[in-house]
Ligand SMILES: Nc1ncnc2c1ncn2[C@@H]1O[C@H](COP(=O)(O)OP(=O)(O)O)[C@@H](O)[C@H]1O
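Next up is one chain by itself, shown in structure tokens, the form predicted on its own.
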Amino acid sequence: MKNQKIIQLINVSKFYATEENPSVNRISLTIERGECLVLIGSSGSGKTTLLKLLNGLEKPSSGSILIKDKKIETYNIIALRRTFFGYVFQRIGLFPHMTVRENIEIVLRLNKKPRVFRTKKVNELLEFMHLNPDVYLDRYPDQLSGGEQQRVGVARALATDSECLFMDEPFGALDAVTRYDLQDEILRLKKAFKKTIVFVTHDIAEAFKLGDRIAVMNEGIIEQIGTQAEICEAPKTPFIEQLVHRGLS
């Protein structure tokens, strides 16, 4: 269904005792099913905090977060993370003592999926991410390149068939060629799996490439949200003008 809201934030703020200003300040936002929403801003703009609020890793100081029209606190947050959210971290977060197979199937184990199902799912996901299962299943993370590790991280996030995929600057530490290739993979998986994606980046070119809509954050607020064309043609603040100039130069 088009234009169906899946996540909604209503006047959400997050204060930390160690900070003078709120990390997230009265943000209202609707995320539509099947879209890729990119959160972009400089370091300290609040984009990662906002992603943590969406994932239930942080609780808002004020305001409401709704998942499918129900307040997030009415859900079992552990079950929600295992079934509704997939998360890809900036530092990948693979367990170093586990093989590729074990890393991908860990949530499937927690959800008590049978072994035959787990094996089939892991093989399918590795093949989708262009990693030959015969080669990679029994390797450990330190035997993989950075790009290969990130592909495994994406496969793990997809393992539970979650509706939403949250990605926190997942390609920031990779070289430009690998990063570009993995951006193409995100576009491919979005088309293949019809995922709703919230993607955090500080790279405006990456935001333009991936985002159906782009939310520009600065000092805890969203200064503008819209398509690439809307932001490029009518930037609302000097900060956004600088971002657009950087992305088009």
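All residue numbers are counted from 1 along the displayed sequence. Just so it is clear, the model here is predicted, and its values are computed rather than measured.
Below, we turn to the form predicted in complex with the named molecule, even though it does not appear here.
S42 belongs to the set of residues with a heavy atom inside 4.5 Å of the named molecule in the model of the complex. Using a 4.5 Å cutoff between non-hydrogen atoms, E19 counts as a contact of the named molecule in the model of the complex. The named molecule is not shown here, but in the model of the complex it comes within 4.5 Å of a heavy atom of T49. Within this chain, Q90 lines the site of the named molecule in the model of the complex, having a heavy atom no more than 4.5 Å away.
Only one segment in the set 19 to 27, 236 to 244, 5 to 13, 222 to 230 has any non-hydrogen atom within 4.5 angstroms of the named molecule in the model of the complex, and it is 19 to 27.
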